[in-house]
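Before any questions on binding or motion, here is one chain by itself as structure tokens, the form predicted alone.
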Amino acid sequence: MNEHLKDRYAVIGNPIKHSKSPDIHLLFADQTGEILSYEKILAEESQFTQVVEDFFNNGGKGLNVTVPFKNHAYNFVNELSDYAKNARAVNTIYRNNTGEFVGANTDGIGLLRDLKKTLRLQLLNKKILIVGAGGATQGIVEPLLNEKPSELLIANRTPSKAEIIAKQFKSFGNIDYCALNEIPKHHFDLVLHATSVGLEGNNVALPTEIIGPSSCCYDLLYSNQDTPFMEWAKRLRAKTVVDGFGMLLEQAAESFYLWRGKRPDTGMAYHYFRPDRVPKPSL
């Protein structure tokens, strides 16, 4: 089929070259019998609104939004899903029947599905640490708190940013914040790395005491090689150490469902793209 006749979708971000979203969504389309195209859009922050408007005005049907534009997208749309409204961050944009822009946040749904379905974790009464206080963290806090952990702590180099998110979600459960050098020196059941420093190959200095023999260490970044955070966690013999590919896959599936009304088979996609990643945690 002529590319111009296909429904157009894209992911917008900066950087964007590394994105696997086009491969994932085109596989979903093949699975479900949908016909579409999916591209990558690199944009500068000052261009975000213009680039998004141009995309939709030229026939675009839906956008995924990644770093650093999730807050820009929140301010851009006319209508918000509940998760996006509470997170104040948007990673999925589409138009409703009246042409209004709708913003959703599928990050938290994607993370939870990966943690519970693939890694078989249960979070009730568990201690959770999130390192980083950007748009990614805003998108995952509410779904995590809905699982009723005993503790959810956000640690950030600039603690005031973590404080804003903690106050934003305090009505949802037991949440607190601190600076990186104030992280309590006790084991956490789940440590989520949600900073962007891994994109440059750097690492965040964390106390080794936070890792215990039953800890799951999860980097929201996805990579074919171990990230610096994953290397660190493996040296400390954390029970489970994974990158964020499963979250990427599951949040993409939720976006695809919002756009096309069909739910892809993420299990098949998982084994197709990353058979190496499938962990086998003991039950």
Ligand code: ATR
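None of these values were measured; they are calculated from a predicted model. Sequential numbering from 1, following the sequence displayed.
This next part talks about the form predicted together with the named molecule, which is not shown.
Student: Using heavy atoms and a 4.5 Å limit, would one call Asn86 a contact residue for the named molecule in the predicted bound form?
Tutor: No, Asn86 stays farther than 4.5 Å from the named molecule in the predicted bound form.
Student: Wondering, does Asn78 line up within 4.5 Å of the named molecule in the predicted bound form on heavy atoms?
Tutor: It does not: once the named molecule is placed as it appears in the predicted bound form, Asn78 has no heavy atom within 4.5 Å of it.
Student: Would Gly134 count as touching the named molecule in the predicted bound form under a 4.5 Å heavy atom rule?
Tutor: Gly134: yes, in contact with the named molecule in the predicted bound form.
Student: Given that the partner is absent here, does Leu121 sit within 4.5 Å of the named molecule in the predicted bound form, heavy atoms only?
Tutor: Leu121 lies outside the contact set for the named molecule.
Student: What stretch, of 126 to 134, 100 to 108, 168 to 176, 209 to 217, brings heavy atoms to within 4.5 Å of the named molecule in the predicted bound form?
Tutor: Correct option: 126 to 134.
Student: Sort through Arg157, Arg95, Lys117, His72 and report the residue having a heavy atom within 4.5 Å of the named molecule in the predicted bound form.
Tutor: The option sitting close enough to the partner is Arg157.
Student: Between the options Ile140, Val191, Leu152, Ala194, which residue brings a heavy atom to within 4.5 Å of the named molecule in the predicted bound form?
Tutor: Among Ile140, Val191, Leu152, Ala194, a heavy atom within 4.5 Å of the named molecule in the predicted bound form occurs only for Ala194.
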